[in-house]
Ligand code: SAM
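Next up: just one chain, as structure tokens, the form predicted alone.
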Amino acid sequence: MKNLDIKNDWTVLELQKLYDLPFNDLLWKSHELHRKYHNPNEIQISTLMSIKTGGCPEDCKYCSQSIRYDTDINLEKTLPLSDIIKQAKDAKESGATRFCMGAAWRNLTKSNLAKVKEMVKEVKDLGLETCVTLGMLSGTQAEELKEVGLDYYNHNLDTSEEYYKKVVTTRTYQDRLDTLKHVRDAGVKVCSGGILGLGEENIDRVKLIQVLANLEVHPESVPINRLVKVEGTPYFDNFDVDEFDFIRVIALARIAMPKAYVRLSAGRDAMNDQMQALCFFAGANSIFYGEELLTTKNSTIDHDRKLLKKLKINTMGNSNSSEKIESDELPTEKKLKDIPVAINNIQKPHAS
């Protein structure tokens, strides 16, 4: 029997109507689907590490690592394998179940591919899920990474196809879609999302979700980033994204891609606890742990632990965590069903 919740033929009008719903109605719809396909009180933790920083030839107007902009990022060589394994072990100890490695490359050279393959094998041996973001991939390169155990490949679409050319001129939107196809064809899971705050309109955000949701198979992971403005880049003076608009995009991603892990990614250090809690309710169920995301600040691990404890949200696959909530504290389906009954049984006050 066909699952009517999962569709790959969304129209812009359908998604726009959802996006424009009253805020509470939109969150109700997204949370219903979130609860149907995921544990609403569980978060998947990833750690992102820069294995090669700076010197990127691309001209992405938001990126501190582009050689075209005068930022405080210096060109560095690829880190030695021993450093990467140490950080992966630390990440696992902190509760991460996925370890992501990013490099400021446009394309993979043969020698760089060999280095990355060794990294993937070693991280995989630690019992962590592996993810890399390395720029554009060929089909053959994707297959080689799959052979050594790569679980996920991250390649964000950033924004709508129409607005994309205002953000990046050194590659096309189709280049990005081609890489996603190579990854999918090789049997590697797709991690792809976007960035809010590039100067785009709401319609561009809706169209971004449409493209992702209309891929032949939905991305398993959908990171939603809030622009981190870096001095020296063209987007340093951009206006901040409205908090409610950001939450609406999280909700829309959850409705359009019910089974995906929707990740709160860059920019989370500037979100207050209440905004993050609403994002989790709307359908976000993955975050990055760690002081940095490649070259930008991130929320501290200590703060994240305190927030998740306040919200009584567990970290996925971390049964030994001291932060784990006892099962009898979780809102079971029976308890949830009993809530309306309990409310109705409360005697209503007489009108005065």
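Each residue number is its position in the shown sequence, starting from 1. Here the structure is a predicted model, which means the values were calculated and not measured.
Unshown form predicted together with S-adenosylmethionine; subsequent notes refer to it.
- This chain lacks the partner; the member of M119, L227, L128, A142 within 4.5 angstroms of S-adenosylmethionine in the model of the complex by a non-hydrogen atom is L227.
- Note on the partner interface in the model of the complex: the residue among H182, R176, H218, R248 having a heavy atom within 4.5 angstroms of S-adenosylmethionine is R176.
- For S-adenosylmethionine in the model of the complex, the listed stretch (202-210, 133-141, 277-285, 86-94) containing residues with heavy atoms inside 4.5 Å is 133-141.
- S-adenosylmethionine in the model of the complex comes within 4.5 Å of a heavy atom belonging to Y62.
- Taking the partner from elsewhere, N154 is found to have a heavy atom lying within 4.5 Å of S-adenosylmethionine in the model of the complex.
- Proximity of A103 to S-adenosylmethionine in the model of the complex falls within the 4.5 Å heavy atom cutoff.
- In the model of the complex, no heavy atom of K259 sits within 4.5 Å of S-adenosylmethionine.
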